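Single chain ahead, by itself, as structure tokens, in the form predicted alone.
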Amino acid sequence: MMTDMTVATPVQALTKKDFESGLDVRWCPGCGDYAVLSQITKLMPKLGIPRENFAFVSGIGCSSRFPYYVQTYGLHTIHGRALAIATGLKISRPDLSVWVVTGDGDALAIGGNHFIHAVRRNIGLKVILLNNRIYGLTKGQYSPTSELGKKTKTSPLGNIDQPFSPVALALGAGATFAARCIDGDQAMMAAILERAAKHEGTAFVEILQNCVVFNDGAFDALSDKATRDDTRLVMEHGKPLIFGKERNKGIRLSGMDMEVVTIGENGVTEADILVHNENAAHSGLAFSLGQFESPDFPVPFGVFRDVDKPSYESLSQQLSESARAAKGRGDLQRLLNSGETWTIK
């Protein structure tokens, strides 16, 4: 009588080190991309997903070097087309955790059409947009998020293009998860990335990222300890939208518009301040927040919207299953030879 002596091999817990490729990271010293890479490789082992079930997809730009630096499957694709390729991958392999790392130029210029349609379809992608408000890889041309008046190599007299707000654009396209953080706030970035990773459907995260060579200091007012309390609005679900060093500034809804008010002046109390609701069925207020710009308003950070809706790939799978149930699996050869055919001699 033979006895089965097979012993199950325990699954080894993965660490941050397991998700680091070991290749030389070729970003400029001090680039904000390092912080994002560090937080993502810290997050991967926490998700309980086998390493071979991750895929990172990128287009063209400094941010698009990302797949080389994570020890997972990855695709370095062409300019602006990362989301289109990632869409095909996710639909064909819905079991994979598919991440798209892109930049403000790659995603919003040549890739703008793919961006809005991926978001509106609610495909289960994690879209990380590193926004430095400049074309860094091609040496400092203005991008779709460069501020008005910005002098660059392609706008020597000042940029006259109205910039996109990536968050507002995503919300306008129907984003079910939209968030913003900044490279210097590691704790906030870690929390937002983890929530994005667990979201069903498109999870969009804009990360404001400093380009030390071609746009250094673009976000100083938002990161400097001396000014950031007055220039940033940190949103928390279920809490009033209050900011400022003295925690006495807030956002009040006046009719259909939002305004900055001071608590304690002109009879304003905390009860007058708008309470943030990231789970709202409609994205109108989140969209308004996404358009806040300094100096008139503080720049919001955190999760703008997080709602549950069926993902595109789950709906696609349901269509396939119902079609097979009604008509069987089908026969490709029969399909190709169906209808009218011609014989060419």
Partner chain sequence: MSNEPVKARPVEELDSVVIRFVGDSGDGMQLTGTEFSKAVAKAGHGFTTHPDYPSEIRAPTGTLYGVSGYQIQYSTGRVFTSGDAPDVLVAMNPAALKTNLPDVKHGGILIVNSSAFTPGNLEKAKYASNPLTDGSLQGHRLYAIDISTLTANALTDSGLGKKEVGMCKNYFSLGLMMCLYSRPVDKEITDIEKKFAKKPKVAAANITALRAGYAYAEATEMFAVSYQMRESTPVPGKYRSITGNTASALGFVAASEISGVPLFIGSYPITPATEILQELSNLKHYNVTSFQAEDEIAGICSTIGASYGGALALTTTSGPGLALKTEALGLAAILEIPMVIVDVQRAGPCTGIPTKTEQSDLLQALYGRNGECPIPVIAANSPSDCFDAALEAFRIAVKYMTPVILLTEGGIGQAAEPWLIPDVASLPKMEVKYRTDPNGFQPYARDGNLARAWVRPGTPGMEHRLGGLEKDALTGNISSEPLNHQIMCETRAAKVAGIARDFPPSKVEGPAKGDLLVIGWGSTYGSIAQAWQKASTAGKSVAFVHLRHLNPLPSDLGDIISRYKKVLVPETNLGQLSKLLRERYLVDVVQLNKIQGKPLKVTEIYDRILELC
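Positions refer to the first chain, counted from 1. Computed from a predicted structure; not experimentally measured. C-alpha atoms forming the largest set that superposes within 1.5 Å between two forms make up the rigid core.
Below, we refer to the form predicted in complex with its partner chain, which is not included among the displayed structures.
Using a 4.5 Å heavy atom cutoff, His114, His117 and Leu332 all lie near its partner chain in the predicted bound form. Contact check for Ala13: no non-hydrogen atom falls within 4.5 Å of its partner chain in the predicted bound form.
Mapping the unseen interface onto this chain, Tyr312 counts among the residues with a heavy atom inside 4.5 Å of its partner chain in the predicted bound form.
By the criterion of a heavy atom within 4.5 Å, Ser320 is counted among the residues contacting its partner chain in the predicted bound form.
In the predicted bound form, its partner chain sits within 4.5 Å of a heavy atom of Glu52.
Partner contact region in the predicted bound form: 69-77, out of 164-172, 260-268, 69-77, 150-158, criterion any non-hydrogen atom within 4.5 Å of its partner chain.
This chain lacks the partner; the member of Ile85, Leu222, Leu274, Met188 within 4.5 angstroms of its partner chain in the predicted bound form by a non-hydrogen atom is Ile85.
Relative to the superposed core, Gly330 shifts its CA atom by 2 Å or more between this form and the one not shown.
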